[in-house]
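First come two forms of one protein chain, each written alone as C-alpha cells, so that there is a structure 1 and a structure 2.
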Structure 1
Amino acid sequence: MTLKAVYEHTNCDDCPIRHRAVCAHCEKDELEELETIKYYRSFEAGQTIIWSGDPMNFVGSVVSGIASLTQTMEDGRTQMVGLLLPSDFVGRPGRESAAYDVVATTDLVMCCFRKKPFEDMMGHTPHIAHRLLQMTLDELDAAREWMLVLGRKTAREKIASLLSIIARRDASIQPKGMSGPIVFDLPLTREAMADYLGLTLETVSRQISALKKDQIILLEGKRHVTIPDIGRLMEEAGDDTDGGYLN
C-alpha cells in the first residue's frame, strides 16, 4: 500500500486496519471524537520512530509497513525483541517514555493520537479500553509463543514460524483473507531474520532454500513470497493449523 493510498483512507470507516485496530469496536460518536485527536505520520525504512527512554507524546496504530522493537544492552549490543505489524499498537497509555527503540523496517505509516487526549478518552470510552486490553493480552500470548519459537523449535521451524506470522497478518487485512495463496513482500532482510531468530545468516538462507525446494513457499527474487497453502507452512512451523497465535 502506498503512502498516497493510505492518506485516501483518512476516514475511520474506510481504514484498511479498522477491524483490527484499537478503534475496532468504537461506535460512530467515538470515532468522531478520535478524529479530533488523530494525525498520520510516515517513516522511511530505517528511520527511528522513537528511542528507548525518550518521552512519548503520542500513541497509535501501524497502518502499513512493519517496525522492529529493539533493546540495547549496556555494552552496546542490540537485540530485536519484537515486530510491529499492521494494526499493532505503539506506545502505552500511562507510561511517559518508550521502553524500546522502535525502528521502521519498511516504509511505514502510522495513525497517531495525541497521548493525553487519548488517555482521557479511555476513561469514558469502554470500547477503546476493552480493545486495548484485548490487544495487550494478544501481545502477551504472542510473546510467550515466541519464547517457544526461540527456545525449542528447529531452524526450519523458526523460519516457517516467522513466515507464517507475517503471512497470516498480511492476509488478515486483505479482502480475500486466507482463501487461496497468500502473497507478500518479506519485510526483513535475511540478516535481520537471523538476528531476530538467533540463527546464522547461512542457516537462514539454507532453510529458506529448503522450504522453496519443497514448494512450501515460492520465492521470486529474495523478498517476494507466495504461500500456496498456509496449512502446510504452519505444519512446518509446528503450529496448529487453526490459526494459532496472532490469528
Structure 2
Amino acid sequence: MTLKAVYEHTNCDDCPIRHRAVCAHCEKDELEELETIKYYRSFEAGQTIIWSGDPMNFVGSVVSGIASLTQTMEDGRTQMVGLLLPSDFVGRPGRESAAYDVVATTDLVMCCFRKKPFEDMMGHTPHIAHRLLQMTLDELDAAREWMLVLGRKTAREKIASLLSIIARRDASIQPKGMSGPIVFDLPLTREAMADYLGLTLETVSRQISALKKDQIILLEGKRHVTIPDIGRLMEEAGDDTDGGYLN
C-alpha cells in the first residue's frame, strides 16, 4: 500500500512524472531503505551515460527527458534498440556491465540506485522483484513489436508507427477525453528516428514530408507536430492492434 506509492502508482499528485518504474521520487516515499541508496544524476542532450561493455554499478529510472539504448557495428552502422521515456527503467540486476550504449537524447534526469544494495533489497522484497519482472516482460513485448516494424514495414509505415507510439504515449499523460488533435514536440532528431527505424535520415525526412503533404500530420517548424486524426495515422502504420508499447 505504501510501497505502492513508491513503485507502482502511475500518477502522483506530488510530482509531475509518472512512476511506472521503481523510483522513490515523490515525498510520499516511506520505504526508507530505498531512500538511503537513491541519488539523482543530470545529463545534457547528446551525452553518453554508459558505453556498451563498461562496468555499470547502478540501476535507475528516467525522471525527465529521453534516453536511448543503441548498438553499433564495427563499421559504424547503428541501431537504436530501445527508447527510454520518463518512468522507464535502466539497468540489469545481476549483470556487471552494460550491454548497449545509453545516450541522453535530450537533457535528462535520472533517479539512480546503487546496484548492489538494490539487488539486496530485491532479494527480500518480492514485490519489487515481481514488478521488475512485469516491466521486463513489457519491454520484451515492445522489442518484439518493434521487430515487426523493422522487419516488415515500409518506410512510410515505420514513420507512422513511431509517430503514433509517441503520440499515444504523450496523449496518455493528459487523457483529456480520447478525441481531438494530439499535439507534441518531436523529442528526436531525424537521425535518431532513422537509427530507431532502421532507415537513413534522408528517407525519414522525405517520408515526414510526404505525411505532411497528405495531411496525416501537420508540422510547425521542424519538430512541432499536430496529429488531427490518430486513427488515420495508425492506419498508415498498418497497425490495427491498439497496443503499442514504447518499451
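Being a predicted model, the structure only gives us computed values, none of them experimental. Residue positions are counted from 1 along structure 1's sequence. Between two forms, the rigid core is the largest collection of C-alphas that superpose within 1.5 Å.
Colleague: I need to confirm something. Of structure 1 and structure 2, which is the form predicted together with another copy of the chain?
Modeller: The chain shown as structure 2 is the form predicted together with another copy of the chain.
Colleague: May I ask you to confirm whether Leu162 and Glu191 belong to one rigid part between structure 1 and structure 2?
Modeller: Taking the motion between structure 1 and structure 2 as two rigid parts, Glu191 shares its part with Leu162.
Colleague: Going by C-alpha fits of the two rigid parts, what is the rotation of the smaller one between structure 1 and structure 2, in degrees?
Modeller: The answer is a rotation of 15 degrees for the smaller part.
Colleague: Give the C-alpha shift of Glu202 between structure 1 and structure 2, in Å, after superposing the two forms on their rigid core.
Modeller: For Glu202, the C-alpha ends up 3.6 Å from its position in the other form.
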